[in-house]
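Let us start with two forms of the same protein chain, each given on its own as structure tokens and named structure 1 and structure 2.
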Structure 1
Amino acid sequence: MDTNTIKYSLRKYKLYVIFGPIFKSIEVIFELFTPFVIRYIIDEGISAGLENNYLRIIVPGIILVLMCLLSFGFTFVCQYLSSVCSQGFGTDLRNRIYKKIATLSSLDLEKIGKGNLLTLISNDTNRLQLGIANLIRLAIRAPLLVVGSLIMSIFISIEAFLILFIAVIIIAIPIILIFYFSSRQILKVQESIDKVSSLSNDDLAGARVIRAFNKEEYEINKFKKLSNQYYKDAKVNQTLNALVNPITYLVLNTAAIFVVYLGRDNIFANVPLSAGSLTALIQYLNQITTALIVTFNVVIVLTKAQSSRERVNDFFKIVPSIQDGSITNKDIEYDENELVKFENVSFKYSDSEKNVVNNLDFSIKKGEKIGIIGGTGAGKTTIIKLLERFFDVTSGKILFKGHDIKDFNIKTLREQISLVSQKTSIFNGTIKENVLMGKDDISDEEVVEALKEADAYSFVFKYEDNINHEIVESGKNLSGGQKQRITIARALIKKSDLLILDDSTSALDFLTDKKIRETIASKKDLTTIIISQRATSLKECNKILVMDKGHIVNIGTHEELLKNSPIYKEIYESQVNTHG
């Protein structure tokens, strides 16, 4: 069974979906009888003078109050059921979407777009939630009230029914017309607000990049255009909305006059309708009008929910481009000379014209410290993305502990690798939580130890609340270097087989950088890949890969490379000269 569907999320709440409308229907019955009781009070009580008013006014009055209380009770239960159901459903769906996102590769996510993902979790889920709440509360109630009111009028008299029927038609035509136009408009508004929120989400996510590339003007214009479209669509919609109430009351009152006119000089029969019957009919007319408006609103809400439903279902249908492997064992026997092995690996991003990395061939021994150096865009980070299986190789093979990484369960593979990525990711929460990232079998002492190793404790211990210090807005109150050190501590505490530092010390001063490198060098068993633009940071590595335009151009130790690699020599000398 596919657990990734909206239907599946709703199955859990089957009983709510059945019993909610039942309770609401019972409430409708009370509502339908109310005009009847009022009719009795008017015709038998008030019109009959003051005799017997106990039986004819007070008793039915009490009945009216009781009916009111009961109907309140049933409504309350229905509202409760629908709230629990729709909120539960929404939370469930959001979790499911989130879970699905986790199965998708970076490539898949890039294709969908961050803005669209946020729209799925927020707008679309909210709309579905609202749709379900409406379905339970109103979808049965409103039509039932219309049909019920018409049927009840038959019990007054056939003529009363005919009069009410004509009045309903007088009311229904303009309401249908207004809703026909406004529903189309509402969907248009919906589309434009989706576009606006999707674009602004993307822009917020990439704000720094936009600024870095001087694309502000282009993005601002794009946003302005969408935003103006939204403004225009919304304006028409608001105008139509503003018309709904006055027009409805105009036709309702006109129809009421018709009821009184037709009923008083009963044109269908000789006997005029009583004052009580007329009052009851006008009340039914009121109920029907409200119900009609509600019905159309429900239709609009459901139409919106339907388009969200399609989007959510389409999202669930996406087949992850990276398929999970079956190896879940981390302690496998392997040749320690080849913890990692790249065999003729080439890779091309879906939107790039040629390969970003070409024929990569190298292996890493257990415990080795490997450096990767090369100009920006050389393909260094791409190597890591391939090793962690954020993307799959285009050709060639990557082996980890002797197995093709495609054969590993992705979670198992990633558990064995600690990555401090180039882009530091700090989350809202305490420093401790940021270091632990969900691990719960680690003591505070170990957290402090990892922070010390990453040279982060020097600023953490200054906080009064120490490692429980709250980081706000994804690290806005931390410097770039402080963030880097926290992410290094996070990687160290993970205790995996392979540690990767992707330009992770770029924001650190030379001394701190050195201190961290020494700590790592002292961990003899910890295999480490250090990517850096600074040759000095890689000097002590057992092996350095020099990359240029997607190729490994040289491999060797610092000394060897100084002799054999013109590119390395050039990088080193330019840096030593500027620093020295």
Structure 2
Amino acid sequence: MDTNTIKYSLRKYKLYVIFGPIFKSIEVIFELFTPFVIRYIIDEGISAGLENNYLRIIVPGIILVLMCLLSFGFTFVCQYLSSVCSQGFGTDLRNRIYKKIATLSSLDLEKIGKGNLLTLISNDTNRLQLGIANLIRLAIRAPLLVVGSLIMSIFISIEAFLILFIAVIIIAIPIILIFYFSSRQILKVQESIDKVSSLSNDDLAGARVIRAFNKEEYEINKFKKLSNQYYKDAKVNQTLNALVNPITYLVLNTAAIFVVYLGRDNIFANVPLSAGSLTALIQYLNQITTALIVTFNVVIVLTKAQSSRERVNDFFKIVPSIQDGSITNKDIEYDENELVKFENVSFKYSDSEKNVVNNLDFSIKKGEKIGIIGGTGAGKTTIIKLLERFFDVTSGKILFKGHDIKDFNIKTLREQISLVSQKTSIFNGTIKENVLMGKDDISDEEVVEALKEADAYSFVFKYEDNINHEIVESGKNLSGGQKQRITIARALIKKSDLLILDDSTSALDFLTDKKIRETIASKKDLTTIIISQRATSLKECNKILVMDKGHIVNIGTHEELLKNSPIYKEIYESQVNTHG
């Protein structure tokens, strides 16, 4: 992939980038000649008297109108090209960023941070969009207007040109200094807004927890501290930028006074300037003033865009920590006695010295029902993360159908595994659309069948629009148990070789949990891994792995573990005694 993302994304819009400034340059030429036409009207038409001079007013007036219309036309085309290019570029870039995110592992995403990713898609992309728009519309226009106005002033008065030229030089020095310090301050402002964005996302996601623990005031103060820091950084930046206009107007208005004085009594050549020439010079002076201010603002926009460009390109330079393998055939032959095999597997996070799981050795046959149980932090869910290749093992090997899972194309591997995670993920859309995430080329009848198997049919068909019932953001119009049953239906409809239920029935009552387990147990060829805190949910498994502190401490059937595993026996008896 081309890491120079901006250049890559602009390739399809190169004609817009080329022709936009060309049309804008033509518009500037008309704008530069306008004061000369007005000068002619004043000097040759109005000042000379109206008698027999109408043509000297009407004809240049018509020319002036035509120039304005043509200028408008060229400006309109430039604005159109700029809008299409910048908006198209922004859309393409967002799509590429989102596509890149999809290729990154869970570890990569954790390192980058949710707040930074959201900033890339929104704030940074918007800045680059604005930068492209300004580049096409104004980056050529403003400097060309300054230089053109200076050149045109030569034809009116060399002395006036010298005054304007000196004024531009005087303005340029403080503006360059302001730009230098402002560009450095922009980076601080960006860092501050990243922190505010990240905290906002965390607080919105954890709003219930914050309220449950009465931590609203603590989080408000925390946010206020970051917000105040952003205010301080932004204030410094805005203060620097605010100096530009006063300095520009002060110097150029002083220059205007000299020009007017020159027009009254030309102290250099003793040739007074005409009213038309003086008016033209004042117009050029106004053009220079506006152009200088616009130039500075464009430079600030482009500086911000450059900062965002570097962040975006750095993001695209990230090499995913999990790479695709070459196996794309999911129907490969294998020994059915070992659908899955863990060989001395250990794993630790890159920023940790301690393993999360240690020396895991076990195998799963096709059609087996495997249970995994253990206390919080025992490493149960880590097994699933490694099997799905959300993370890669630190040492050891995981085999799937006799091959190292690293040799599989990731898409091919995950097509063969259905996962229902402990945290339900429900998306905006209909119930049917959520189920179809498992497999999209199936009929409504198959959707209904999957909902029945997940014991979701009863509540889904209470809605008038049943499977077409709309689910709001994050499934807020569903209970926890209803969301879990929809996610189970989503996994069952996939009809994969391996089904993983990661504590996915925790929100269900015991009767519903039992019904779903019986349905899954009836699928003889379906290999299932069930992670659960309920020992009673694992009683019918072919074997159960008991985990403690990252180790498998016992493997056996329910009856064997009651005899040989103190940890399993303690869990089971505490739950049986609790629930009678």
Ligand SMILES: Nc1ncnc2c1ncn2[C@@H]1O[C@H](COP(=O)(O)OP(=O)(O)OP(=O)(O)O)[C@@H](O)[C@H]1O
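Throughout, residue numbering runs from 1 along the sequence of structure 1. In this text, all values refer to a predicted model and were calculated from it rather than measured experimentally. In this text, rigid core is short for the largest set of C-alphas that superpose within 1.5 Å between two forms.
(request) Go through 1 and 2 and tell me the one that is the form predicted alone. (result) The form predicted alone is shown as structure 2.
(message) Once the core is aligned, does P143 move its Cα by at least 2 Å between structures 1 and 2?
(response) No; that C-alpha moves by less than 2 Å between structures 1 and 2.
(message) For a quick test of reading the superposition: does F408 move by 2 Å or more at the CA between structures 1 and 2, rigid core aligned?
(response) Moves: no, less than 2 Å.
(request) Verify the C-alpha shift of P174 between structures 1 and 2: is it 2 Å or more after superposing the core? (result) Yes; P174 is a residue whose C-alpha shifts (by 2 Å or more) between structures 1 and 2 when the cores are overlaid.
(request) Just grab the Cα shift of L240 between structures 1 and 2 for me, core aligned, in angstrom. (result) That residue's C-alpha sits 6.1 Å away in the other form.
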